[in-house]
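This document starts with one chain, in the form predicted alone, laid out as structure tokens.
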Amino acid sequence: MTSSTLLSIITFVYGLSAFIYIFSWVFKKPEVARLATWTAAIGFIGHAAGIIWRWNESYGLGIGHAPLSNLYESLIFFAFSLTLIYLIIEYKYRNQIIGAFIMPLAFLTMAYASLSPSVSNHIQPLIPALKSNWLIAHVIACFIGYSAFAVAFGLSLMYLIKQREVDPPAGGSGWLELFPGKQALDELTHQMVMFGFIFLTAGIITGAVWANSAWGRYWGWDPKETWSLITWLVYAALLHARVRWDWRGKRSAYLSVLGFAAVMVTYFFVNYLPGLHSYGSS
């Protein structure tokens, strides 16, 4: 058994957790969601063990490095940080139905990493540009930011669904009654965007310093760099609009969805364009 096998198993654990969360929401069985939480927590512990195991395996191959260097490893860490942030939110706010919108994202990320034939799970030696102490700081900062934005995306979807509720029927509002209130969803989305924005900013700064030591310039308008800036500007606009014009609710939710679309372009699609970051697709 290898770390990749364990992480493949975790994929199905997250899938089971996502299924139970959705079942609990659709059939209005909040007590069942506790099982989903325990399943996600067990999966998270196994996920952490898999990352540590993979790190140890790289040293066994004589090419020891943090497992953050290629597309497979970044997907694994993205799902890990996403699950961590979600579990913290669930513990703090005591609303498990949010998991029906977050854990499917963790499952799909792990499924793509573990099951897609286009993603290699082999441990590879670092290319020269990646042999830097900035690797861990840059990648962790970026992916914590991405994960916070993913949570904000899920919350925004919940808000957009909830805001269509006009006149709840007496005794409850069907499958929306377990949702947090619109104001709570809007505020939590804003907090997640602020949290993600701080870490994305840190990721861009550490990346610029790393680029200067590796390539002799802080910024070169590489496709990844350009789209990171676009993503940063979208979320900066969201935060500015909230402070300057008091944009809340639906407009803020739509901007959050747009921002996450920019994150997906930055993370996935530009990896396949020619550039200094194209190694991310290997």
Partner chain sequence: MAKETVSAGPLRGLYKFFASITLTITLLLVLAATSVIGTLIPQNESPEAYFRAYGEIFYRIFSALKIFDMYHSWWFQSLLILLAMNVVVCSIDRLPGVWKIVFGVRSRFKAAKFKNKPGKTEFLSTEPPSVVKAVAESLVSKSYGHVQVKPTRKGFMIFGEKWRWSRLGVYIVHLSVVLLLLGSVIGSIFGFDGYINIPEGETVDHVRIRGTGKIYPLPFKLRCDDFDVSFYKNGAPREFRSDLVIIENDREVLKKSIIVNDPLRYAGINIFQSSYGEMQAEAPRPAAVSRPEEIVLSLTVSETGMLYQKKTRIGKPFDLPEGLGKFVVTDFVPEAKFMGQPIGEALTGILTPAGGQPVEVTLPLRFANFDKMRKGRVIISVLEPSAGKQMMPVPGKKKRFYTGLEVTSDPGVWVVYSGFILMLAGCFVTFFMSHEQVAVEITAKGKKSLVSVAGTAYRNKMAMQRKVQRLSDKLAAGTKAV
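Residue numbers count along the first chain shown, from 1. Given the structure is predicted, the values throughout are model-derived calculations rather than measurements.
Separately, the form predicted together with the partner chain exists; it is not shown, and the next lines address it.
J.: Any chance all of I63, M194 and P223 sit within 4.5 Å of the partner chain in the predicted bound form, going by non-hydrogen atoms?
T.: The answer is yes: all three residues contact the partner (heavy atom, 4.5 Å cut-off).
J.: To test your reading of this chain, name the stretch in 43-51, 66-74, 232-240, 27-35 whose heavy atoms come within 4.5 Å of the partner chain in the predicted bound form.
T.: Going through the listed ranges, the match is 232-240.
J.: So in the predicted bound form, does any heavy atom of W227 sit within 4.5 Å of the partner chain?
T.: Yes.
J.: Should W175 be counted as a contact of the partner chain in the predicted bound form, where contact means heavy atoms within 4.5 Å?
T.: Although the partner chain is absent here, W175 would stay clear of it in the predicted bound form, with no heavy atoms inside 4.5 Å.
J.: Would you check, heavy atoms only and a 4.5 Å threshold, whether V257 touches the partner chain in the predicted bound form?
T.: Flag for V257 set to no.
J.: How about T201: is it within 4.5 Å of the partner chain in the predicted bound form, going by heavy atoms?
T.: Yes, T201 sits close enough to the partner chain in the predicted bound form that at least one of its heavy atoms falls within 4.5 Å.
J.: So which of I205, L115, I88, I136 gets a non-hydrogen atom within 4.5 Å of the partner chain in the predicted bound form?
T.: The residue in contact is I205.
J.: Pick from A184, A111, V119, I161: which residue has any heavy atom within 4.5 angstroms of the partner chain in the predicted bound form?
T.: Exactly one residue meets the criterion: A184.
J.: Taking the partner chain in the predicted bound form, which residues along 108-135 bring a heavy atom to within 4.5 Å of it?
T.: Residues within 4.5 Å: P125, L126, I127, P128, A129, L130, K131, S132.
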